[in-house]
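Okay, here we've got a single chain as C-alpha cells, the form predicted on its own, with questions on binding and movement later.
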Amino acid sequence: MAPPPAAAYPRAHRPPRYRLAAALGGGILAAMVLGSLVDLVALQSVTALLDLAGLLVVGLFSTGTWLIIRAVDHEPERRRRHLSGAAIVLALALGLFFFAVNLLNARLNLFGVLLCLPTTGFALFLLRRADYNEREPWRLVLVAAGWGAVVATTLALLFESLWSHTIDAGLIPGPGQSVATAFNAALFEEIPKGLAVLLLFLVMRNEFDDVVDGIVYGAAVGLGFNFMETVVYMSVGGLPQWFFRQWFGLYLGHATYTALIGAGIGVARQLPGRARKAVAVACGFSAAIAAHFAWDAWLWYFPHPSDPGLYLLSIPLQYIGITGPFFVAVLALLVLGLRAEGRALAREFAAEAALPDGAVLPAEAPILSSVRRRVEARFRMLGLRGLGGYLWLRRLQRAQIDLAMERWHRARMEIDTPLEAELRLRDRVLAIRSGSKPPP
C-alpha cells in the first residue's frame, strides 16, 4: 500500500516554528520572573512575591514530575503521552494560581466573576459562530480566552506598575505624562495579548487558517482580558463598570484591539517569505497599540464629566468615536476573509467532486459551498432520520470542509507538516459516509 501523500512541506523533524514558539514561551517566563523581581525589590509588591512563589513551586513540581515519568516509563510513546498529560495539569495549576493572584488584586470580587462569566461566555459563543465556514475548536478558543484573563493580565500588571513608578513618576504632570501613561497601557497590555495569538499560530498552525481565524483567536484573548479587567474595576467602581465593559464595550474594547493583532498574524499565515510575514505581524501589533493608545489618551485629555447624566452619555460616545472605526475595520477584514474562504472552498469542493474516488459527490459540491444550503440539508436530514441523521450529516460536512481546507493550503504551499494529508482526511470522510469509525 502506498504511503499517504505528504503535505506541502514534508519534514521528518519538527518544523522551525516550534523552536520559535519555545523561545517565545521561555522569553515570556523570563520576563515574568524579571518583572516580578524588579517589582519586588523596587516596589515591595506583594503580588510580585506571590507570582514568584507560584512560578518556583510549579517549576519544582514540573522537574519532579518529569524525573518520575522518565524513571517509570521506558517506552518513548508512553513517556510522551504522560509528559503531555502532566504538562496540561501543570498549566491548569499555574493558570488557577495566577487567577487567584489576580482575584486577590481585585479584592476577592467573586460577585464580579459570577456576573462576568455569562456575558463573556456568550460573547465567545457568538464569536466562534462568526467563522461559519470552519468553526474553531472550543479547546483553543478557551485557551486563548484563558491566556487573556490570566497570563496577559499578570504580565500587564507587573510591567505597568513598574512603568508607573519609574517613567511616569519622573515626568512633570501635564500632557507629556498623560501621553506616557496612555502609551504604558497600550504597550504592556497589547503585547502580552498578542503573544497568545502568535503562539497559537506557531504551535497549532493546522487550526490557524487565515485572517478569519486570526480575528477569532485575537478577539477571544481580548474577551478574556476584558473579563479579568472588569472584575478588577468592579471592585472599585461597582456595577457601572460591569455595564459598560460587559455590555456596551464587550466587543468595542480589548476584543477589537487584539483582533487587529490576530488579523495581522492571519495575513502572515498566507504570505510567502519571512520578511513579509514579519511585516504583517508588526502591522497588526502597531494597529492594536494605536487603537488602545487612542482610547487611553482620550481619557486623559478629555476626562469624563462629573455630572452622572453626562457621564453615562460620554462613555458610549467614546466607544463609538474612538474604538468604533477600528471595530468597523475588523468587521471588514472578517467579511472579506470569509468571502475569500468561501470562494476557495467552493473551488476545492468542485475539484474533489471531479475525482473518480473523491470524498465529495457532484451533487454535494454546491450544497457545501453555501452555508444556507448546508444548514437546510441538515434539517432535511433531521426530518428524515431524526437527530442521529442530523448529527451524522453535520459530522460528514465538517470532515469534507476540513479536506477542502487542506487542499486549499496545499495548493498555496502553506502546510509544513504531513499530519493531516489529503489521503487521511479523505479516508475520514469516506469512513463517516459508510458509517464506520473514522480514522484518528
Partner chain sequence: MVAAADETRAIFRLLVGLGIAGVVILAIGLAQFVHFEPPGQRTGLSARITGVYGFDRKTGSTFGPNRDHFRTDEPFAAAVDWSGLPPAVVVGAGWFSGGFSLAAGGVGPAGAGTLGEHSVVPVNFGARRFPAGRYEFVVERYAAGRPVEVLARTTIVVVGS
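Numbering follows the first chain given and starts at 1. Everything quoted here is computed from the prediction, not taken from an experiment.
The next section is about a form of this same protein that is not shown, the form predicted together with its partner chain.
Enquirer: Flag residue 408 as yes or no: does it have a non-hydrogen atom within 4.5 angstroms of any non-hydrogen atom of its partner chain in the predicted bound form?
Expert: Close contact exists here: in the predicted bound form, residue 408 approaches its partner chain to within 4.5 Å, heavy atoms only.
Enquirer: Is residue 177 close enough to its partner chain in the predicted bound form to count, meaning some heavy atom within 4.5 Å?
Expert: Contact check for residue 177: yes, within 4.5 Å of its partner chain in the predicted bound form.
Enquirer: Looking at the partner-bound form in the predicted bound form, is residue 319 within 4.5 Å of its partner chain by any heavy atom?
Expert: No - in the predicted bound form, heavy atoms of residue 319 and its partner chain never come within 4.5 Å of each other.
Enquirer: Does the 4.5 Å heavy atom contact test between residue 223 and its partner chain in the predicted bound form come out positive?
Expert: No, no contact at 4.5 Å.
Enquirer: Check 173, 264 and 296: does every one of them have a heavy atom within 4.5 Å of its partner chain in the predicted bound form?
Expert: Yes: 173, 264 and 296 each sit within 4.5 Å of its partner chain in the predicted bound form.
Enquirer: Which one of these stretches, 111 to 119, 242 to 250, 359 to 367, 340 to 348, sits within 4.5 Å of its partner chain in the predicted bound form when only heavy atoms are counted?
Expert: It is 340 to 348 that comes within 4.5 Å of the partner.
Enquirer: Which of 130, 104, 279, 92 has a heavy atom within 4.5 Å of its partner chain in the predicted bound form?
Expert: Contact check passes for 279.
Enquirer: Only one of 326, 188, 208, 99 gets a heavy atom within 4.5 Å of its partner chain in the predicted bound form. Which one?
Expert: Contact check passes for 326.
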